[in-house]
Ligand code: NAD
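Presented below, as C-alpha cells, is a lone chain in the form predicted alone.
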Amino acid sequence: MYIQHLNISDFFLNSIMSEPTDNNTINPFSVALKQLDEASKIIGIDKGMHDVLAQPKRILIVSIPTRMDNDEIHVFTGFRSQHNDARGPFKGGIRYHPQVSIDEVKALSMWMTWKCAIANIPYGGGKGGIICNPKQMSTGELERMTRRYAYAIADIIGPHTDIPAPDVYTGGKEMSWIMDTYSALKGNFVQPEVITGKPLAIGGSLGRNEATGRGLSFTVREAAKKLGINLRAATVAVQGFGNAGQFAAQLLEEMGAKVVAVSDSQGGISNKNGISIGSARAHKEKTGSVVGFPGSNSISNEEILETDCTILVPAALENQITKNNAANVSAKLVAEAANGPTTPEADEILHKNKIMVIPDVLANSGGVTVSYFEWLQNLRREYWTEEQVNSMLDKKMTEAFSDVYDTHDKYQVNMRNASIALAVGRVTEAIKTRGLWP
C-alpha cells in the first residue's frame, strides 16, 4: 500500500527520510501511528487491516524549480500524501512552511482520513506541502512556485480523485492559481471542483472562511452541555490568532464567553476582564501582531496554555501541549483548532485530570465539512446562501460530536481515542465492503 512516485533521486529521498531529528522534536507520524494503535485495540481490528491503515496509499515527492525575482532559480521540495480513499476522493490542505516534512504530511493525511470519517462525509485523507518560507517571498515568486507545484501534482489530483484545499500560510489566492493551472492543463476549461477554499468569484462557498472556527464553536457548545459549563460565565484562552483562532474566539465571544488571552507567532496578550476580539483583530491588521494591544498584559505562547480559564483553544501548530506542561493546564475543556497540538502522553495526563479534549479531528472538521459543501456546489454549478451553509454545518458538527461522545461513553476512553476508533471503524467497514482487488 506504500507507493512512491519520485521526481527526485533515490539518494535525496533517503536523505529526507533518514535525516536526524532533535531528541526534543516529536515526530507527528509517530503520534498518528500511536493513535491508530490505540484505536485498533479499542475496536479490535486485525493486524492486516491495521497495516493497511498505517501507511499512505501513495506519496508524491516533487522538486519545484522556481525563478526568483533576482532571476536566480531556487529548487523547492513539495509533497502530496494520499492516505486512504476507501470512502471517497482524497481531501486535504496544502501548507507552505519551512518545517514541512514527509512525516508531517503523512501524519496529516492520516488525520484527514479520520476527520472526514468522523464528519461522515464521503472523502478520504490527503495532505500536501512545500518546504519554503512564504513570508520571505514576493507575490510573483509565490505564484510561480505554486503553479509549478500544481503542474507537478496535476496527474494525481482531480475533482473525483484528490481535492486539495488551503492550510498553513495558503489561502484563496494560492487555490486560485492551482485551479487555473489544473484547468489549463486538463482540457482548458474552468474546473472549480478540483480544489476548495477558493474566492467567491471563482466558485468559493459562502461561510467557508469562518467554517473551521464556527465548527469548533458548535462542538464547544455541545461539550459545554455535557460538562455543565455555562458559556456566559466561561473564560477562553486562544493560542494562535490566525483564521481558525480568530473566528473561534469571535464566535465563542458571541455565545457569551469572555476571551481573556490570545496569542500569535510574535507573542500573546491577556486581560482577566476580557479582550474585545474585534478590537484585537483590528490591532493585528494594523501592526501585524496582537502584541501591544492597549490595556493588555504580555504573555508568551507557552504561558497561554497554562492560563486560568474555562476553555483553552490551541490554534497554532503541532505538539504544543506535551507531558512537560499538560499538568499545568487549568481549563476544564480543550478544543483543538490546530492539527495535532496535544501529544499522546499529554492526552493521558489531561484525561487523568478530568479535562475533556475535543480532538482536532473533530473540533476543526468544520473546514473540511464546508469544503465538502463547496465541492458539491461546484459539481452542481449552484450556490447556497450563507444561512444554508451554516445551518448544514451546525447539523453535521452536532451529529459528529454526538457520535464521538457516544463512542467515548461506550468504550470509556478519552475523546481522541473515541474519535479515531469511530473513524477507523467506518474506514475499515468501507475497505471490507469494497474488498481488496486486484
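Numbering starts at 1 and runs along the sequence shown. Just so we're clear, the structure is a prediction, and the values are computed from it rather than from any experiment.
From this point on, the text means the form predicted in complex with this ligand, which you will not see here.
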**Asked** Is the gap between Ala244 and this ligand in the model of the complex 4.5 Å or less for some heavy atom pair?
**Response** yes
**Prompt:** Should Ser81 be classed as touching this ligand in the model of the complex when contacts are defined as heavy atoms within 4.5 Å?
**Reply:** no
**Asked** Does any heavy atom of Leu231 come within 4.5 Å of a heavy atom of this ligand in the model of the complex?
**Response** no
**Prompt:** Should Ser265 be classed as touching this ligand in the model of the complex when contacts are defined as heavy atoms within 4.5 Å?
**Reply:** yes
**Asked** Can you pick the one in Ala315, Ile94, Ala117, Ala249 that has a heavy atom within 4.5 Å of this ligand in the model of the complex?
**Response** Ala315
**Prompt:** Ok, Met110, Ile195, Ala337, Ala237: which has a heavy atom sitting within 4.5 Å of this ligand in the model of the complex?
**Reply:** Ala337
**Asked** Tell me which of 68 to 76, 316 to 324, 157 to 165, 220 to 228 has residues with heavy atoms within 4.5 angstroms of this ligand in the model of the complex?
**Response** 316 to 324
**Residues of 205 to 228 having any heavy atom within 4.5 Å of this ligand in the model of the complex, listed in sequence order** = Arg208, Thr212
